[in-house]
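Consider the single chain below, provided in structure tokens and representing the form predicted alone.
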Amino acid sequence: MQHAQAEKEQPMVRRPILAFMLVFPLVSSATSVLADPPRPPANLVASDAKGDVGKKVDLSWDLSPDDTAEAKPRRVIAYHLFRKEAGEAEFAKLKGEPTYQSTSFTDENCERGKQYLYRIRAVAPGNELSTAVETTEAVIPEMEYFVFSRVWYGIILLAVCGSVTFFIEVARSGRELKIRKIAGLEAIDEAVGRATEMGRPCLFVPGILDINDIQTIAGLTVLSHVAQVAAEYDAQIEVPTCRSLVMATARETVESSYLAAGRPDAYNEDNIYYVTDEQFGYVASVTGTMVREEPAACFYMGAFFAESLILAETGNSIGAIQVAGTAMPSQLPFFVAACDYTLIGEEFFAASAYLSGEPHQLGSLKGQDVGKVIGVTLLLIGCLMATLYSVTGNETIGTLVSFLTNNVLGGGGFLP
């Protein structure tokens, strides 16, 4: 009976061993297949990218047979690309790795006029590499005369430049161009007139940066107008500076304004003086002058930093009319809070055109406004279409959003 039971249990022991013996060759075979390198891609072609400055080469190839829909299993996870200059011995791997199902790549780090050869390998999940496929002829990146990816940029540029030229010609013809009034500049006559009536001086602070800063130049342009009005009204103007070159330029500017007003005898160069290059030493001197002399009008035109609030609050405490202008975003809130008038950003730079009335400057100002209108219009259209697409999911709207993003604002070219 025990013998019969042993015979009955014997197949139970053999079945797992038999199953393992049957499955092991299949697993071993599959493992062997997966360990083999994938088959290589074909027809690697390198060509000079069109519409660039000679920095790019376009690469294309046919998929590896192990990277097609018919491949079971699909054994390619990426492609490795290599490059060398003609005459070099070794290939170097390119940055960027096209994934499976990719058939193109753009090498964007080339040098114009050099000859390049390329190589490609397919990569399997176990990092096995296929045999290499190479280009047979060297490609030479060349600069194109026209960058096709920037067609829309060229159209917008032509529109702005054409507008500038048009408005300059209009201004030259004697027709009046409508320029929005800037309240801060309109208040200059009032402020200088008040100082004249009160018998107190005007104080002009041209910022704390040197003459090579565009804000300092814009401030000196306003100084020219302020000095001319002061000369006409017979008011005293005082200009403390913290840069020696700014002092020299301010003296020339004020003297020219007094000559233009027919009052060269009233000009006193000692009223335009240098204090110190030290930021807060300069501010201490200027605020001390403000407290002692109590100017009736204070003008702050130029680049300012932490001293802006000190100057503006001191001027406010003595009851002066204050007009400020700067392109420093972090200082604008202090001027807006403490001054009567503030020229914000572009208003400050537009002051020279506004005050001079010179045709070239007025035409340029109006032409730039056209560019701003184009930019704002594109921004509004893009936001509106993107919102509609997110709400409706309409594919036509999505195509328009993609065209605006990739072609008009990007480098996708004139058409999709």
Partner chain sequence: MTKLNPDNINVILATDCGSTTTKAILIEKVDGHYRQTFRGEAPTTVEEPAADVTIGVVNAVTEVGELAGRRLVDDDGHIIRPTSNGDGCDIYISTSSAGGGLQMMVAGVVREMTAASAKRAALGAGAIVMDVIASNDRRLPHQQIQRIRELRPDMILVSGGTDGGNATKVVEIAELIAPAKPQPRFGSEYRMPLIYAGNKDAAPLVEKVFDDSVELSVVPNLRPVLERENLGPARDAIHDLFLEHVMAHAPGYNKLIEWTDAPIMPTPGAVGNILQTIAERQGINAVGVDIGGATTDVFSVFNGTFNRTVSANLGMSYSISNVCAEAAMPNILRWVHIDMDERELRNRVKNKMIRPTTIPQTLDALVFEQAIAREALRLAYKQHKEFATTLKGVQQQRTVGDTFSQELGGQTIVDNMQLDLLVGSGGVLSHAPRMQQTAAMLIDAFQPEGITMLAKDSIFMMPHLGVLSQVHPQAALEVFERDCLVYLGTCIAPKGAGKSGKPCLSYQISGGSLNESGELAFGDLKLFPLAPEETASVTLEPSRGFDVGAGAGKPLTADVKGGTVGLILDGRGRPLAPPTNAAECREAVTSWIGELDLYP
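Nothing here was measured: the structure is a model prediction, and the numbers come from that model. Positions refer to the first chain, counted from 1.
From this point on, the text means the form predicted in complex with the partner chain, which you will not see here.
Contact with the partner chain in the predicted bound form holds for all three of Ala187, Tyr341 and Ile344, each having a heavy atom within 4.5 Å.
The partner chain in the predicted bound form comes within 4.5 Å of no heavy atom belonging to Glu128. The partner chain in the predicted bound form comes within 4.5 Å of a heavy atom belonging to Tyr233. When contacts are judged by a 4.5 Å heavy atom cut-off, Cys161 does not count as touching the partner chain in the predicted bound form. Among residues of the shown chain, Ala183 is one whose heavy atoms approach the partner chain to within 4.5 Å in the predicted bound form. Only one of Glu108, Glu197, Glu111, Glu269 comes within 4.5 Å of the partner chain in the predicted bound form through a heavy atom, and that residue is Glu197. Ala320 is the sole member of Ala320, Ala218, Leu81, Met247 with a non-hydrogen atom lying within 4.5 angstroms of the partner chain in the predicted bound form.
Contact with the partner chain in the predicted bound form, judged as any non-hydrogen atom within 4.5 angstroms, is confined among 98-106, 118-126, 197-205, 135-143 to 197-205.
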